[in-house]
Ligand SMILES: N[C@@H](CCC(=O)N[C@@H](CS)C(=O)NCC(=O)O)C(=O)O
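The chain that follows stands alone, in the form predicted on its own, written as structure tokens.
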Amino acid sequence: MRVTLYLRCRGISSTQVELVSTGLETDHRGILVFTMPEGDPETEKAGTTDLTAFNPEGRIPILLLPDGRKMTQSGPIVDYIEDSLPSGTGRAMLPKDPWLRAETRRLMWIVAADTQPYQNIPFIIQAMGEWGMVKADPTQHPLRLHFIRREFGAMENIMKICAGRFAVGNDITMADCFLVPQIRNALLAGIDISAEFPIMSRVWQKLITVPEVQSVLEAAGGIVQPFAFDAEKFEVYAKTSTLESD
């Protein structure tokens, strides 16, 4: 979603960057697993729908260039696209001021490096099933809530200084593209953004009125992250893992 938001808000057409949806399955733990899309030429080349044959991380997004080079991770992907665009293309997504550009990237990396990995539902499920972590609803697990709240608190304090209508100043930036999906995850976790993080909430309320953001949210299932695992498979997995550890 970070990359899709960037493309839409930046004004990059599908003739410049084509979006291809992966397949999606759940493994024995109930965790979502991305697969290569059925019938896609790259799937045919790989000879399998196993995404790790295309990207050893087995994760998305993946930027594929015409010459076959691949780039992964949302930050480097948007940076590469940004650096490759002709001057004057679409809406600028980084402030001109060097300090505000750094603030933009600081918020991006707080989301990407310090928030998302530790609240990621597959991580929570695996930790409960294999590493003895306390059993709880994965979407509202105490560890998940801790890391979201800790990093949102940090971003709230940063945005006291740099936010305007949006996360950094009065124009939408890459920071907003990273913030939107993370707020959706926080809403799934039951966190009251307006009560706990008023500046972030104000920015969020502005973001969801932006037509490009609205269209991406609608395509992704709404402003709250949809249920992100197979609860029935998870229950079997968690119960089996508990018996094995006993």
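We number the residues from 1 along the sequence you see. Here the structure is a predicted model, which is why all the values come from computation and not from measurement.
What comes next is about the form predicted in complex with this ligand, which does not appear here.
Contact flag, residue 190 vs this ligand in the model of the complex, heavy atom cut 4.5 Å: No, no contact at 4.5 Å.
Verify the contact flag for residue 59: yes if a non-hydrogen atom of it lies within 4.5 Å of a non-hydrogen atom of this ligand in the model of the complex, no if not. Judged by the heavy-atom cut-off of 4.5 Å, residue 59 is in contact with this ligand in the model of the complex.
Should residue 73 be classed as touching this ligand in the model of the complex when contacts are defined as heavy atoms within 4.5 Å? Residue 73 belongs to the contact set for this ligand.
Using a 4.5 angstroms cut-off on non-hydrogen atoms, would residue 139 count as touching this ligand in the model of the complex? Residue 139: no, not in contact with this ligand in the model of the complex.
Name the stretch, out of 192-200, 51-59, 35-43, 208-216, where some heavy atom lies within 4.5 Å of this ligand in the model of the complex. Stretch 51-59 is the one.
Suppose contact means any heavy atom within 4.5 Å; which members of 1-33 contact this ligand in the model of the complex? Stretch hits: a single one, 2.
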